[in-house]
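One chain comes next, on its own, written out as structure tokens in the form predicted on its own.
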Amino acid sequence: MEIFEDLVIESNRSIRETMVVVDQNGRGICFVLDNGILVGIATDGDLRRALLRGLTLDNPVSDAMNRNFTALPVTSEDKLIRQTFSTRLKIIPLTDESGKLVDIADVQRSHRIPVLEPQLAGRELEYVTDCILTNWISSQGSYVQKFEFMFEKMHPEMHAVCVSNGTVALHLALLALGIGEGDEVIVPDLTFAASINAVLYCKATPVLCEIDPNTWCIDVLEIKKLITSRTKAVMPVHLYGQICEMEALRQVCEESKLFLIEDCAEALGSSWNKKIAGTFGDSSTFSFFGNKTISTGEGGMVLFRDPEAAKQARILRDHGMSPGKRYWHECIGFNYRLTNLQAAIGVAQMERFPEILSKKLEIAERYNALLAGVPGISRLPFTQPNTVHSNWLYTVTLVPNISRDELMRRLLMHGIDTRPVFYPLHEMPPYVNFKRSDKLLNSKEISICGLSLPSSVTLQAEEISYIATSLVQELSNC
């Protein structure tokens, strides 16, 4: 409750005291409680009207509050919360089953502490406004080239191609490298479905590989067992910001003459021995969805070591059209372009990336200090020696006898949104029949026991402390 104490007052407090709370929080409203139960709201308008009716500043706020108010259950889906907002209703109290106020939703954030949200604190508005004022709002414009240039500067020896999202980045990477029907691509069993779907888009065959129990990334020793004469590529995923064992992985790919395609959607800024993720293989892909380390709303980037592959990707991205002969199509392509508006946001985000990454590392350090040795948590996020773990999502592993889903429900009652780990690919209907490692025990265990905590760069120190305290409290009750 202390996390939004500036918005609440007890029903026996005076109108004068309530006016002070409303004035100091700057929101024009406060929520009236009776032993934690939400019984009314009091806006500055409610208080003025009460005084005009003849009440005095010493009357209790319960005499002036509005008892006819809108509240929603704290378990409400984000969609319902967004639909409830209106021009007049911009802040909504969220209550538990007993009517206790446990969270506040406003038009900026549907939960008091979301798992992830973007921070648009740089020159995003300035650059987007520039696009609008100059009429360069589609996929043509200077910000697209600037965004690609900034990525190339950050990822030496790689050639950047902006695309509309991270999934099509994977698709383009595979197509530009010639992956197609009859080819096998080894992917980790624990990852978001976009990784395996992109392989299937190319009519290639995915092969599901077990993950390392410490890093949660693809197991290099297991890869060796899965390589056949049909294997053409390995697609490691740097899960949640943890970088894979790239030196060993690159050696395996070189020995077997396989393409190495890094899925860096969650690992912008991660590195291995000071070599940044996305520069180890033949190609790498990034996502800029709204919850990623940097965001353009939707958007992606694909990098290639071979400039000819990058050239082919640009052609495929633009309907298969020849770059030198307008409306002449060299092949069947796609509309996978990023708009100048989105790229403008990306440029502004990249300008602040060192600050963003530093905040991510700081958040992880704070969590580590607060959660080390806590009963009920079997493992904190593992970081390989001599690596940078960008901590896209700070994710812990619970001991097996604790119900992860029940713990998530309890944390929501504290106004804390959390997230489960991905399901193993081999368990889901579209992927059950593909070739895979003999045992996939690690991916299954982590899927059941993994819990992701709020990891936005907008998090304040007191919010991290509140999350950790609430987590420890609920773990003691499990």
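If you're wondering where the values come from, they're calculated on a predicted model, not measured in any experiment. When you see a residue number, it is the position in the sequence shown, counting from 1.
There is another form of this protein, the form predicted in complex with a small molecule, and it is not shown here; the text below is about that form.
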property: Proximity to the small molecule in the predicted bound form (heavy atom, within 4.5 Å), stretch among 78 to 86, 310 to 318, 282 to 290, 179 to 187; result: 282 to 290
property: One residue of 266, 219, 117, 148 in contact with the small molecule, assessed in the predicted bound form (non-hydrogen atom, 4.5 angstroms); result: 266
property: Residue among 165, 231, 215, 397 with a heavy atom within 4.5 Å of the small molecule in the predicted bound form; result: 165
property: Interface membership of residue 195, the small molecule in the predicted bound form, 4.5 Å heavy atom rule; result: yes
property: The small molecule contact in the predicted bound form: residue 209, any heavy atom under 4.5 Å; result: no
property: The small molecule contact at residue 191 in the predicted bound form, heavy atom, 4.5 Å; result: yes
property: Touches the small molecule in the predicted bound form: residue 338 (any heavy atom, 4.5 Å); result: no
